[in-house]
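Quick setup: one chain, the form predicted alone, written in structure tokens, and binding and motion questions come after.
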């Protein structure tokens, strides 16, 4: 099947397939839209089922980055890259350097950054061969700590702000005693759990790595549940913080939460699921809006005239952006993802 015929192809400007026999690298770079500026999006390394699974992911993720940048009021477009392989077993320094050369070959239309399975050290290796790598130098920290280039803290804080606003809007409540089910305790999910614990929420968590679960149980008092249970728990909020498409035709009938607000990209398997959530009375925080803290952080690090205070203020605008979406969705009687898409498309010139 041609890429042009792929069901997730959305007039992407460029899709690059990368193979380096010497290092074993197999990767895909996707540039979705550059109307507002060069495309920015992290590099993800994941043990995909096959290359088709990887292509599906990178096309969806790069499109989401276009919408994310537009809704975060950034002068950036959307792109993404994925590396096929287990980051805990297959990754080598030579592979990361090869990826840097491929990023450079796109000529600046794509700027890469950190994502699942890729660390700051990996980015530094890529940057030996390309200037189009960001998140490796930091000037500002939104929380007053050391600025180390890792966007995960900003992403987690933005999701926390958005989740808090979503609970306020849907449940007319603060977070004290609110039950939150978190699917995935990676760099973002665990930090989100800490914010929620400090705000008084009750945590129910799952992850594929047992050490993360043990840590959440001992440090945060979280209740561990199985991956099969997490989506159908009788909780107030479901926070998907792993891979995408978890809201699908199989899981949707069993979701009991009144709010879905998490860090994962592309949580809806198809856009029509947004209408189904609306019909069930479930408030959905569009993922590319609520998880924009990381890209906002990266954007500010590139500005010479910003500050930690301005960065934090920009991240906290995620709450007001979600409120605008919720109010307009209610007025128009449309799903929140539909309204968010319309606003984003107006901003990056699709409509």
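Keep in mind it's a predicted model, so treat the numbers as computed, not measured. So that the term is clear: the rigid core is the largest set of C-alpha atoms that superpose within 1.5 Å between two forms. Residue numbers count along the first chain shown, from 1.
Keep in mind the form predicted together with a small molecule is missing from the figure; the text below concerns it.
Checking 90-98, 149-157, 192-200, 120-128 against the small molecule in the model of the complex, the stretch whose residues place heavy atoms within 4.5 Å of it is 149-157.
Taking a 4.5 Å heavy atom cutoff to the small molecule in the model of the complex, the contact residue among 136, 171, 252, 243 is 243.
Residue 270 falls outside the set of residues with a heavy atom inside 4.5 Å of the small molecule in the model of the complex. At a distance threshold of 4.5 angstroms between non-hydrogen atoms, residue 207 is in contact with the small molecule in the model of the complex.
The small molecule is not drawn, but in the model of the complex it has no heavy atom within 4.5 Å of residue 162.
Residue contact check for residue 186: one or more of its heavy atoms lie within 4.5 Å of the small molecule in the model of the complex. Relative to the superposed core, residue 285 undergoes a Cα shift smaller than 2 Å between the shown form and the other one. In the core-superposed comparison between the shown form and the other one, residue 61 has its Cα shifted by at least 2 Å. Relative to the superposed rigid core, the position of the CA of residue 44 differs between the shown form and the other one by 2 Å or more.
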